[in-house]
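We begin with a single chain expressed as structure tokens, specifically the form predicted on its own.
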């Protein structure tokens, strides 16, 4: 058994023992009265036992009420429910008292005896006194606990001290009556403290903060219950119940009578408070509803990123704020000048309803209104959408039958007839007055929220402000939702580009070919995640495990990103499949590559390429250029550009490409080298905006003509980056490929 339960049983046993002791003492006093043998010491003992008993009883009642407290309720209780329990309990006790009076007609006190003593008419009076005091006393103690909780609701700084002062004064006034006989109750000390207690009762009686938050229905219910309890006090006093309290114990009876007085005062002030608040309850409830809706909308706007839910919630909250009979809908705006929509496409898209001179409004959510009603309204008030797209602002229509923007040249008589005709319709009009507010994000109109009522002049200033606040919150939520979606799309795109970058890097050769008497090296850096540059080596023929002929291609696909990566992958496949079929003439490979690529490249894309075939035995280079940067021949005399005409791949799929393409041959002496590159090299700019250019390229290569292929590549790369510096940039993909014939066979 838990300690609290054990303590409860102990206290209950103590109450029973005390009550039994008091009953025995009163029986003894009854016979002592009859024998005219009285002892004042027994009254002192009675009061002490009664004080202990009712102190324990108060503790048990308080713990019992707290045990059944409502979760998260600062009051432990609901006021209307507590008043209902008080009313029914009081009524039952009164009924029981009436029955006792009927069954025991001689169970009162003779207060007019010659010696001045209150004499019980019979032994039954003793039992009736104990039943009345125990029943009403327990109920009054419970009432004191309930009133304490009501008074402490939204307590102020002095609330607790005022209540405690009242209780202390009531206790002091009651304790001053210890040992007093019933007819002696009311000594000057107790009256003085009782008067002070009444003052504090009045102070505490105006602590009625719990009345205001009650709903209108609870206020009405509580009002009738308070009236009922006050009415029950009339028979309570008429049946002399307070006299039974005093006969039971002067001290406890005085305290219970004080509680009765406080209950009556508090109920009286509660009655007047309820009467004063009742007329404004509806407006107060509406305000509370608005605050709740605004709070809910604010939380919703910060937590929800699903645009569809934001749309439906916005319309729902707006209709809730406008009233039960209202309806509403949300139109999203799509201007013609956006990429997502144009005037030709718009009429063919679903759910589009209202066309204006600048775009379309599409109804995405509607509540309590049919499509037929919307079309009927649009036929009359189309100006609303037209004005919204030109000058977004709040637009209120007080009566669609008489509004001057809808009905031209209307007279008072025609307006009256129109209103009369609307009232005579079989089906009540759903849309009579409307309020439309724009949803604006980043100074752009994204939609219009419209709320309608079935009465004229249905919207006041408060409605306009509240619904506009909803629209502003929703606009922010929509903006956040779109930003989140953009971030997600961007992250997904970056992940896809990272995958494309890995794939593209795998397309490039990891190591150069090992060719006798030749050395080669290369590098490639994309300007963005995925570039359009491509190069590759491939052995065309070999003898005794030694390469005697190899092909080299360098290319640059127009554009960047995933499409460029896709074309480079396609180009690699074409190169590797065709180079062995055309091992002698580079132009043949480029012509076939052009035919293949022309079928897959889009209109805005093309590929510049330079293909060269190196013969290790004859030390010749046969090459063709399809619109690519001219290669550089680096000899002992210096560097020079080797220009060969040709069209880029994909620009023309017919004879023009074949007529333009040519094949040239160069002889490489020992120490000679050729340098392939892409336009990222010569288009690199410094802080002054000057391009790196061909002149710097030739000068630099001439200065490094005696170095190895790797050294030439590295010198060229460092020179470009130094040239760009902090203020310049390499705007395009950068690829460098150097192939050099060694001076002597031993140098390889």
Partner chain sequence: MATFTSTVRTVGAVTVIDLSGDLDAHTSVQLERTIQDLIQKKHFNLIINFSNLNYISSAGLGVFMAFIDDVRANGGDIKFSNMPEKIYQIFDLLGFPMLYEIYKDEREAIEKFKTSATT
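Positions refer to the first chain, counted from 1. None of the values given here were measured: they were computed from a predicted structure.
Omitted here: the form predicted in complex with the partner chain. The next part is about that form.
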Answer option from 58, 694, 717, 723, heavy atom within 4.5 Å of the partner chain in the predicted bound form | 694
Given that the partner chain is left out here, which of 652, 325, 312, 635 has a heavy atom within 4.5 Å of it in the predicted bound form?
-> 652
If contact means any heavy atom within 4.5 Å, which of 365-373, 163-171, 597-605, 120-128 contacts the partner chain in the predicted bound form?
-> 597-605
Considering only heavy atoms, tell me if residue 656 and the partner chain come within 4.5 Å of each other in the predicted bound form.
-> yes
Hey, in the predicted bound form, is residue 683 touching the partner chain, heavy atoms inside 4.5 Å?
-> yes
May I ask you to check whether residue 207 falls inside a 4.5 Å heavy atom distance of the partner chain in the predicted bound form?
-> no
Decide whether residue 304 counts as a contact residue for the partner chain in the predicted bound form under a heavy atom distance cut-off of 4.5 Å.
-> no
If we check the partner chain in the predicted bound form, which of the residues in 619-648 reach within 4.5 angstroms of it by a non-hydrogen atom?
-> 627, 628, 629, 630, 646, 647, 648
